[in-house]
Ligand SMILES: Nc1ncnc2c1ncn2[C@@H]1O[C@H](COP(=O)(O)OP(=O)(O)OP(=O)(O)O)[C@@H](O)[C@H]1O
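Consider the single chain below, provided in structure tokens and representing the form predicted alone.
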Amino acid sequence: MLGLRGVGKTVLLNAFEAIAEENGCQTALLEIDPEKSLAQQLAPQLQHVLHRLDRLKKTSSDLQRAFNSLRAFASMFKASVGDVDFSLAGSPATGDLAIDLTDLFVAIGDAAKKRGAAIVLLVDEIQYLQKGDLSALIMALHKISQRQLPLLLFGAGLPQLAKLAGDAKSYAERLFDYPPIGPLDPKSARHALAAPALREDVEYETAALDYVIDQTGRYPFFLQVWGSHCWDEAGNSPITLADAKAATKAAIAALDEGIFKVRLARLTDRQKAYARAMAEFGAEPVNSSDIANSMNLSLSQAAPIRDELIKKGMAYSPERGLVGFTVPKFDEFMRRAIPATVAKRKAKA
């Protein structure tokens, strides 16, 4: 799933996990930490999966091979897993993540198949994987697909993930589906606001609903924020347009002091200057050359700053030459937080 921040990708992963478990699948859910290797993050999850498979049937040779493969994998890549005796690792791993992860996936997939089970891996923030780790993951899943083993991946990431996967392995575009996750449609957005309130015998005026839909851009996270503040502002039912306008002021103030301010604090001065230059062009992705020109920089001078923002998850490139914010409404915040005159001084510095 590809989408900006706040569209509900993580919520959907949690829902997929619940559906998978209801259908008897063995699941592992993890969020990628850019400071750790894939092996270190994946090994403990796979160990948990193997223990759950072990409960389905008394340990047999196929499952023992899977445990041995995990032990060798954990030992080679210095992954921390509980109750692992590395002296029992069996055949040593090669040290090549692509080979060793493939062997591990195949061993686990074989064990699951013999037990009539399926393994579902759910991985959030995949765009933070290093290129080598992402390539190894794709190769391992490709082998699983070729062998028709019951190991599935549901992932979520920022819009650049499809390009990253394609750069890592050219066949990734054929191996995966990339459904875009974006704003709700107007009907669903209205339902998201009105239905919870109606359960408490509170209604919205039509004008109030229309106003909130417009202010939030129908993004799920913002609908939650605005809905909460509308509830707090309204003295009684129905929630009026005046309530919605008061809620907007409170919601923007809360976002500015919360997620927006926190994200801004993560940026260096030159990254802030670049982000402020982006903001001047509005919410839609803008041409990188236009940003560089507005900062009186050459494209080669501005490109490293752009790449830094992308690596930090603050920006994404929907197509070659374009860059946009990963958080909706961040452009509006940047214009409020950093006046244009200050931005120009920082850009020159």
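Note that the coordinates shown come from a computational prediction; the quantities given were computed from them, not determined experimentally. Residue positions are given as counts along the sequence shown, with the first one as 1.
What comes next is about the form predicted together with the named molecule, which does not appear here.
Sort through 238-246, 104-112, 141-149, 214-222 and report the only stretch with a non-hydrogen atom within 4.5 Å of the named molecule in the model of the complex.
The contacting stretch here is 214-222.
Just one of D256, E125, D210, E233 has a heavy atom within 4.5 Å of the named molecule in the model of the complex. Which one?
None of the others qualify; the residue that does is E125.
Heavy atom within 4.5 Å of the named molecule in the model of the complex: which of I99, L164, V202, L184?
Looking at I99, L164, V202, L184 one by one, just L184 meets the 4.5 Å heavy-atom criterion.
Does A192 reach the named molecule in the model of the complex if we count a contact as any heavy atom within 4.5 Å?
A192: contacts the named molecule in the model of the complex.
With the cut-off set at 4.5 Å between non-hydrogen atoms, does A18 touch the named molecule in the model of the complex?
It does not: once the named molecule is placed as it appears in the model of the complex, A18 has no heavy atom within 4.5 Å of it.
My question is simply whether A340 lines the interface with the named molecule in the model of the complex - judged by any non-hydrogen atom within 4.5 Å.
Heavy-atom contact with the named molecule at 4.5 Å: absent for A340.
What are the residues of 8-24, in order along the chain, with a heavy atom within 4.5 Å of the named molecule in the model of the complex?
Contacting residues: G8, K9, T10, V11.
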